[in-house]
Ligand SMILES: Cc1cc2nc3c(=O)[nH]c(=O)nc-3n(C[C@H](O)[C@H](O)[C@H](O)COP(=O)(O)OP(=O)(O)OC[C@H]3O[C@@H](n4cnc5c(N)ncnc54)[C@H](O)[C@@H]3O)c2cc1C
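Okay, here we've got a single chain as structure tokens, the form predicted alone, with questions on binding and movement later.
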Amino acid sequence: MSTERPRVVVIGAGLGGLAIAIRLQSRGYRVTLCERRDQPGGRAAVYRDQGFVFDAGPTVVTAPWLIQELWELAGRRADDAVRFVRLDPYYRIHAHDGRMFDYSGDHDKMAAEVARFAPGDVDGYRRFLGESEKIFKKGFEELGDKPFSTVGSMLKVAPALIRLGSHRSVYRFVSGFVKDEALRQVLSFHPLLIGGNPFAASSIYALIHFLEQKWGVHWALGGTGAIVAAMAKLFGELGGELRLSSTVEEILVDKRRTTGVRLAGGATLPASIVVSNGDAGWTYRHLIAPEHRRRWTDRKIDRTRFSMSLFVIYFGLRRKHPDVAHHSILLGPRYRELLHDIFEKKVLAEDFSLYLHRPTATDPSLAPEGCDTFYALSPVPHLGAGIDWTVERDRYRDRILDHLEQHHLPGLRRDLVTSHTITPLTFRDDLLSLHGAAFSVEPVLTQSAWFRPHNKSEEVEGLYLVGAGTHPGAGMPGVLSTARVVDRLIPRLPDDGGRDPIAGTHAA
């Protein structure tokens, strides 16, 4: 009898792909991880120039134990590989009316900040925090790593979701507790971190507020790229094979079961299990032939709502701006109207709100001495809007830089050493995201849990999905949790010791 371990191919070395590859390799599977770019990370890749280091994508680490437990499952110490620093404040939010809010994880400091910012809303904020905790306990602690593979699994939790008012939007939920409009914006922006519109995303996503309060907002020394590098190293030390510059062009299927993948150039990798960390829409539309798809037909994919995209400018300055926080949110003159333009009207507005990232506020190693590393991120419509970014790219970039120089970073253009810009075209062409959506499937109630693309494919036996487009969704904790879900679903090997693939020691 053959004792050869079953072969798994993981498509995409983003955080979800790396996490599931580590989990399965540590369980005894033989895992090959295919990444089409020349470095691991996916959206969490790294740009470098002239001594400046730029994390391309996610920078908000809200549940570091989800990363640390990967080393525990492999019988190693995460502290030897990556170090986390808790931030204070988590975010500095600049309201358009000139007020500033330092958003932290200290309950008393938050109450004092609310009292300074909107004195009449302190009691309302405390009630909001209590309700956010209830949603967190149900939506993340109880359901965040549970698969929704059947209608029955959804029906079991439906009464609880109804009791929690999940039909309401995050903004409407927040508005039930606080009256000050700027404070409503401060407490409702979180869905944007996972590709959602606060006016459409289910109030279940209000759990993010308590998640941050419970586990903090952290920074990994060396940046998110340091997390990716440590995960890739761990995977290799466990015996996994990481193949860079390897594009998967087709998931091979025979009699409704996967048999492996075909790479660009024609080579095939046989496998009894395939896990896609690619964009969920792209996976079904472009990697699986139509005759093998009954639910995720082209028509259904076309009718799916995808998240907004992003316009990001990475830039390095030859001087420091010590008054600028690590994470700043710069709210524009419109909130509801701007989000409506982005998500519904799909037009490029003249105004914008920005997320300004200055990692050198915490980690000077990411820039030459005396310099600062930044990126400025603006949510924009995905490519379904028909915006010609080859025309708009430079104009929009200049508008953002002008705004930053006038209001936040005086002398920006004089001090500019290097810059790099990505648009929705980058998400489509480099990251293979359908419509250039930055967060895959939009997180609305009718596209959550069972209604999202399932972690265990309904179409092909042996195919599983991790990443932003499946349950529980986008954001670093969401994506890492998709790997926990799939770890539950993939069969154990006879001699894996019977370990529970979910340690669960940190979540309590």
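The numbering used is simple: start at 1 and walk along the sequence shown. What you see is a predicted model; the values in this text were computed from it and never measured.
Although it is not shown, the form predicted together with this ligand is what the next lines describe.
Although this ligand is omitted here, in the predicted bound form all of 11, 34 and 468 have a heavy atom within 4.5 Å of it. When this ligand is considered in the predicted bound form, residue 42 lines it closely, a heavy atom lying within 4.5 Å. Shown alone here, residue 247 lies within 4.5 Å of this ligand in the predicted bound form, counting heavy atoms only. For the chain shown alone, residue 278 is a contact residue for this ligand in the predicted bound form, at least one non-hydrogen atom being within 4.5 angstroms. Within this chain, residue 441 is remote from the site of this ligand in the predicted bound form, having no heavy atom within 4.5 Å. Figure note: of the listed segments 307 to 315, 343 to 351, 173 to 181, 403 to 411, the one touching this ligand in the predicted bound form, with heavy atoms no more than 4.5 Å away, is 307 to 315.
Interface residue among 460, 60, 67, 53 relative to this ligand in the predicted bound form, by the heavy atom within 4.5 Å criterion: 60. In terms of contact with this ligand in the predicted bound form, the residue from 122, 78, 193, 95 that brings a heavy atom within 4.5 Å is 193. Shown without its partner, the chain has 375, 377 in segment 353 to 378 as residues with a non-hydrogen atom within 4.5 angstroms of this ligand in the predicted bound form.
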